[in-house]
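Here we start with a single chain on its own, the form predicted alone, put down as structure tokens.
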Amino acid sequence: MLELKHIQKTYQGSAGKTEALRDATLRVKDGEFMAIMGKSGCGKSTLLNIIGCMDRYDGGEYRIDGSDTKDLKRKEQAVLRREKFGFVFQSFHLLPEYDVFHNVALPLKYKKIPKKKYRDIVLPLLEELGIAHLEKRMPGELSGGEQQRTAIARSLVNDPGVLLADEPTGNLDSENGETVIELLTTLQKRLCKTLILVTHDIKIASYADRIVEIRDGRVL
């Protein structure tokens, strides 16, 4: 269970302060697929970053499975991100010098999993996502849809309880975008994951169990 209560977040820039989130309150149940929608600049990505412990909040309360996250140290945040969350981004963020297999396996390195176990963990994921035949390809040799499938496999390799997807279809054409969202939906249900997806596309959001709208930093 993820519980956010009265979350406030303000950024200081050259033009002054920007209030990204205002009194944001949200509860996400285990195993739920939630879509977050709103116009550009409304606070969607900021909210997702706070949920994933990639950004700190200024006020309010955020609890993960009942534990308060306010005073977590950087190292504790990093461990929580690694153990609890998997991240899928619009721009894929694959390392160009690594092939598909080693891009997916990279989080195992930080978890200190022995290299001899990598194939037993990574190959089933590549097969699940239909890209096992691409394991030796470099990112530059992949289509956008194949790159996003690789990124999804990487997000799952540590078996996180929560997947956070920030505009995962934003860089894909409509056909590949629909393929990716159907794949995410299938994996979320089969693997019993919590999925929180940010999108501005109502067709993509319609796959979710629940749609939450953000307007001017507030959860409606």
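The first residue of the sequence shown is number 1, and the count goes up from there. Just so it is clear, the model here is predicted, and its values are computed rather than measured.
Below, we refer to the form predicted in complex with a small molecule, which is not included among the displayed structures.
Although the partner is absent here, Thr18 lies within 4.5 Å of the small molecule in the model of the complex, judged by heavy atoms. Looking at Gly43, you'd find a heavy atom of it within 4.5 angstroms of the small molecule in the model of the complex. Contact annotation for Lys70: none of its heavy atoms lies within 4.5 Å of the small molecule in the model of the complex. For Arg63, no non-hydrogen atom is located within 4.5 Å of the small molecule in the model of the complex, even though that partner is not displayed.
Look at 33-41, 170-178, 187-195, 154-162: in the model of the complex, residues with non-hydrogen atoms within 4.5 angstroms of the small molecule sit in 33-41.
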